[in-house]
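Form predicted on its own, single chain, as structure tokens, below.
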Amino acid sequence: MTTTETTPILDEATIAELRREDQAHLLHSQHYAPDHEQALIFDHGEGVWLTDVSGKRYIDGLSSLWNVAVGHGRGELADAAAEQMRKVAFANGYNGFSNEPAIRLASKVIDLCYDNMGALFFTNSGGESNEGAFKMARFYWNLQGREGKNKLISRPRAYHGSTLATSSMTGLPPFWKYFGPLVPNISHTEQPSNPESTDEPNTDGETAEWLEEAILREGPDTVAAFIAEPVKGAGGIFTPSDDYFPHIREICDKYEVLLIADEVITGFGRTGKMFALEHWGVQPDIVSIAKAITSAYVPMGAFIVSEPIADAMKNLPADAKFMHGYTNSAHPTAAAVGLRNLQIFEDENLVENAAAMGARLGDGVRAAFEGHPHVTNVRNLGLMCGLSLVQDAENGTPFAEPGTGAKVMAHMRDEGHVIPRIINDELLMAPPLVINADEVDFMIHAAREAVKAVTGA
């Protein structure tokens, strides 16, 4: 169904009062008060569609925050949560206690993940998962008697979370300003001064050589791990070349550096594979997940460790208890929802649908903007698609004044009834995995009309 108007749910006076209260009392993620003067206030959703309190309907073009994989309004997930809540409010996971949903979900995720994975630790978010993955890397090397291996290397344009450590991992300078000093022993790859790589560069120009130079710069005996998103998501949906991650795996093995795959966005089918590094036949040492594990119906995440790390955790010295935890880790309700959510993935073949609809989205965007004077660098993998808005596509010249991307996003939302995301002048789309062909085409049309309205071409 592509009808974009329904009956208003709240009157204008009530909506205005909600906006005043929102501005007065609610601090939002990445808070900047002017952004919320005319905030969309959502009431409900169904499938890929969201409806605001004015009754307007929009395609959820970023799966809210990359996380509503099975779509909105899934009563079976609400039922799973309610059934578990009626059984028990909470079950402590510390000191010899456990619960059935968490045990079963852990086993299910291990079965779905890379063949070399052995165990997992449940968290509440992707940021907690990445923070825990880094701590686990340090813990593991300490167990091996190599306490000097305590540094982490990340990448530019990477996003890994908003804790102090994960903000330091994040390769986007706006996330550092006003929060310094950053956590020490976390550094980022940089373009080599004399690049010699013959690798095909990623869609943002990076090659695996950047990592090797960073390891040598820091000293191999000091580097515990390298963290990378298989596709740089919040930084702009930048996809890797086919040789990038195989070469990264070789470099990590060469210097005994653990490879952490941040699959908070790409995990559970987003790229057309259950986990994204399957595209290149690469297995990491640690995997961070969140978002789609419950399709955001209940907050949950995890970091997953390889069998060698899992084996080490089963044979800890008496003085080496893994002193890391969260009150709500392995929460039974979240785990019950996760199990039911993953059953929907299987029943509805959502990974396969993501591959098919992702190909339709990518091919359609390329066709819609072929030869366009202000669009370049269209890239996609599964249901992740990005493009760059520029002044001159022939040479990639950016717009002299900022704000073109914001105008395109506003037109897509207000006129096209699609909510994408804009990072500077990078237009990003990643709808729920349940999207169908008509809805994909609806999104492509909205993007094309918005670019035309803003740029005149």
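Numbers for residues come from their place in the sequence shown, where the first is 1. Fair warning: this is a prediction, and the values are worked out from it, not measured in the lab.
Keep in mind that the form predicted in complex with a small molecule is missing from the display, and what follows is about it.
In the predicted bound form, the small molecule lies farther than 4.5 Å from every heavy atom of residue 204. Taking non-hydrogen atoms only, residue 364 never approaches the small molecule to within 4.5 angstroms in the predicted bound form. The small molecule in the predicted bound form comes within 4.5 Å of no heavy atom belonging to residue 209. None of the heavy atoms of residue 248 is located within 4.5 Å of the small molecule in the predicted bound form. For the candidate set 137, 264, 105, 337, a heavy atom within 4.5 Å of the small molecule in the predicted bound form is found for exactly one residue, namely 264. With the partner omitted from this view, the residue of 271, 333, 341, 130 that lies near the small molecule in the predicted bound form is 130 [heavy atom within 4.5 Å]. Judged by heavy atoms within 4.5 Å of the small molecule in the predicted bound form, the contact stretch among the candidates 347-355, 304-312, 256-264, 106-114 is 256-264.
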